[in-house]
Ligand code: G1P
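Here's a solo chain for you in structure tokens, the form predicted on its own.
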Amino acid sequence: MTIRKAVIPVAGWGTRFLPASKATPKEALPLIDRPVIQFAVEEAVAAGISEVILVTSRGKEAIERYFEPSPELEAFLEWKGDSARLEQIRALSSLASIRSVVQHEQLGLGHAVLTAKALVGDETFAVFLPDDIIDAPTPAIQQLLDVHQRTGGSVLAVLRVPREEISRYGIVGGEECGPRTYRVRRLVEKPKAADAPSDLAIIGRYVLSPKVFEALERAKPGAVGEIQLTDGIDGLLEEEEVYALEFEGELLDAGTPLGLLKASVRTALKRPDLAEEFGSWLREQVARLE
């Protein structure tokens, strides 16, 4: 079955990026010259996904506008003769069908995904957390879709993390059933290292059965009133098989100021138009530190 829809939650406050995120959604902050959200949308499109559902909130209108046509800007670039930038701008509005739904209260990632239920319908769908940018020769979500095609089950992207970082993630437990692939038996949200079933941490890519919505509706809010997506997936385990894939690629965490800075440096060093000059400048800065 072809997966047509992707859900991208973008409703959070972005407090780690205050004060900038007071005026600019953190998903619209640039990784060099592209907003973070664009990387997620482009990865979805590269895997054949044609409809993107943004779970948004008040003040995040700039994200939706970014993917809309801009006749005035296009006319200016055409008058200027800047065909390269004109092509870039026009391509944005034709990347995918972008729809949005408002999450009126930030009640956890599970609640955000549940908010998209009416637009997803009775279809298996993908979920992207745009803070997690994955640099991979084969798009990370495509790697998950390949496992879904083979198994028919929901699939989670996972990454091995150091023991001291386990408490920052949702962790899966299960048994290996193929190359870098695991049949999930248990999920624990941010456990202590001693209580974790493994060192396989869930990263922001999912392929989920629509039955996860029923599980999320049954899930009880935690101590701070939030519904976690891991709780919904844990409920899904009672009815269907869930798999985890240790994806191939490099994770760039753009969810903190330091992470966004690192991701920008990494991305710049891979761009032909920036790598040489920026690399030279960067070596000078490192030499000064030494």
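Note that residue numbering begins at 1 and tracks the sequence as displayed. Since this is a predicted model, take the numbers as computed values, not measurements.
The following text describes the form predicted in complex with the ligand, which does not appear among the structures shown.
Novice: In the predicted complex, which of 204-212, 177-185, 145-153, 79-87 comes within 4.5 Å of the ligand (heavy atoms)?
Specialist: Checking each option against the 4.5 Å cut-off leaves 204-212.
Novice: Please tell me whether any heavy atom belonging to Asp195 falls inside 4.5 Å of a heavy atom of the ligand, as the geometry stands in the predicted complex.
Specialist: No, Asp195 is distant from the partner.
Novice: Are any of the heavy atoms in Asp199 no more than 4.5 Å from a heavy atom of the ligand in the predicted complex?
Specialist: Taking the distances in the predicted complex, the answer for Asp199 is no, it never comes within 4.5 Å of the ligand.
Novice: Would Ala116 count as touching the ligand in the predicted complex under a 4.5 Å heavy atom rule?
Specialist: Ala116 lies outside the contact set for the ligand.
Novice: With the cut-off set at 4.5 Å between non-hydrogen atoms, does Leu92 touch the ligand in the predicted complex?
Specialist: Judged by the heavy-atom cut-off of 4.5 Å, Leu92 is well away from the ligand in the predicted complex.
Novice: Non-hydrogen atoms within 4.5 angstroms of the ligand in the predicted complex: do Gly12, Ser57 and His104 all have one?
Specialist: No: none of Gly12, Ser57 and His104 comes within 4.5 Å of the ligand in the predicted complex.
Novice: Only one of Val127, Leu109, Ala219, Ala140 has a non-hydrogen atom within 4.5 angstroms of the ligand in the predicted complex; which is it?
Specialist: Looking at Val127, Leu109, Ala219, Ala140 one by one, just Leu109 meets the 4.5 Å heavy-atom criterion.
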